[in-house]
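Below you'll find only one chain, the form predicted on its own, shown as structure tokens.
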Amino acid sequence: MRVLQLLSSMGTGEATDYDALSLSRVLRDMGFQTAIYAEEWDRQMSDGAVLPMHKLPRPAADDVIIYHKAADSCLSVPLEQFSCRKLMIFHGVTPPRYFQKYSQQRTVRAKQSMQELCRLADKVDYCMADTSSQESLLRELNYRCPIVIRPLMIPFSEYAKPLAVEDASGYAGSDVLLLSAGKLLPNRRYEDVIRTFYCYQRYCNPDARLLIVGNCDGLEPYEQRLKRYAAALELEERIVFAPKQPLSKMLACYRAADLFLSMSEQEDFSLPLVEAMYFGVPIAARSAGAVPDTLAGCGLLLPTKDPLEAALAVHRVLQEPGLKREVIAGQRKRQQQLAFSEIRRLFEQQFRDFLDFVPVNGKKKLLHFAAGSKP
């Protein structure tokens, strides 16, 4: 029996990359023969870590395909053409409406991705969703198979590396530094981050700085709009736009930050939020999408996108040491719940449940769900 992981793209430093590589390691430790196949991948990845999709072997009846369904991407090979057992890991999709003003190509890709998600409703045997909000979406789309919740498997050991001198000094300073990170996508409402920073800088702390880290991913018009907006608010000297950084420099950003700010209105499981937890950076995030699921009661949830209210909330966290300690303590507890060992244990049990529920002979039986998951 082989376990074959399929992705549309791999090696871009996204959370799905961490998850697929981590699962590959865990599956091997469980005694399975496994490999990762992608249609697009970073050629600089270590040899053999990812194989091109055209080398995918024809799955046998007792094999398992794990398809990582993420963002606005989809496979060019119809998943339903394979007769083996199929497990879909659902990392989320982005509604096409967010791209319409900025990129026809991305709009088309997002529509195709949603169409694929709808088409697979009765084509997969089992689903793992990153969050309960993603599980709810699958149910709305008429997925009748078992769906369990499993957060991403994140190798936090990668973040423990010491910083080089040139990395550590990049964004350090005496001024308060707010950080917002992730791809520059319209659904993440970076204009609301800038608006909130404007209120914070004007009414609370004139010496504050904002660092926005992320690639535009083919949405250059949106990035330019953000920069024009910052200029219109006369914030060019206080806001830095930086492309996605190598891991060492990204760690320096978190270690220099005083607070992580997110105003996203449509978010999947958020790796930047978890990274902020790991580095003890207090989080202020709009309560929308899967953000409440990711935070699970920690951080500071902002009930609206009102920039002045958000700015005052940020100011309160940074000015009240007791509140800041309380926020960070809650985040640390949540981050421990997302520890590699904890998510590994959950995945191992859920994967065994899947194999038990969908045997090779195709006769499905009642499933005893692992703790923390549900049908």
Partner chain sequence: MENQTTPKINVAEIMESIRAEIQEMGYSSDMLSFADIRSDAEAEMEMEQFDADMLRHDVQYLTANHRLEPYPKLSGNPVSVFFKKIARKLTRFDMEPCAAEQSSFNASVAQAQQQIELYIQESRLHSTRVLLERIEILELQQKNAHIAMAQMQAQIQALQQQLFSGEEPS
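These numbers come from a predicted model, not from an experiment. Numbering follows the first chain given and starts at 1.
There is another form of the same protein, the form predicted in complex with the partner chain; it is not shown, and what comes next is about it.
Engineer: Taking 113, 162 and 284 as a possible spot, do all three reach the partner chain in the predicted complex with a heavy atom inside 4.5 Å?
Structural biologist: No: none of 113, 162 and 284 comes within 4.5 Å of the partner chain in the predicted complex.
Engineer: Residue-level question: is residue 348 within 4.5 Å of the partner chain in the predicted complex, judged on heavy atoms?
Structural biologist: Residue 348: no contact with the partner chain in the predicted complex.
Engineer: Taking any heavy atom pair closer than or equal to 4.5 Å as contact, tell me whether residue 242 reaches the partner chain in the predicted complex.
Structural biologist: The answer is no: residue 242 has no heavy atom within 4.5 Å of the partner chain.
Engineer: Although the partner isn't part of this model, could you tell me whether residue 202 comes within 4.5 Å of the partner chain in the predicted complex, counting any heavy atom of the residue?
Structural biologist: Taking the distances in the predicted complex, the answer for residue 202 is yes, it comes within 4.5 Å of the partner chain.
Engineer: I'd like to check something about residue 146: if you look in the predicted complex, is any of its heavy atoms closer than or equal to 4.5 Å to a heavy atom of the partner chain?
Structural biologist: No, residue 146 stays farther than 4.5 Å from the partner chain in the predicted complex.
Engineer: Taking the partner as it appears in the predicted complex, which of 254-262, 177-185, 208-216, 298-306 has residues with heavy atoms within 4.5 Å of the partner chain?
Structural biologist: Heavy-atom contact with the partner occurs in 298-306.
Engineer: Just give me the single entry in 318, 35, 343, 66 that has a non-hydrogen atom within 4.5 angstroms of the partner chain in the predicted complex.
Structural biologist: Comparing distances to the partner chain in the predicted complex, the residue within 4.5 Å is 343.
Engineer: Ok, 226, 274, 120, 250: which has a heavy atom sitting within 4.5 Å of the partner chain in the predicted complex?
Structural biologist: Filtering the options by heavy-atom distance leaves 226.
Engineer: Sequence order please: the residues of 260-282 with a heavy atom within 4.5 Å of the partner chain in the predicted complex.
Structural biologist: The stretch does not touch the partner at all.
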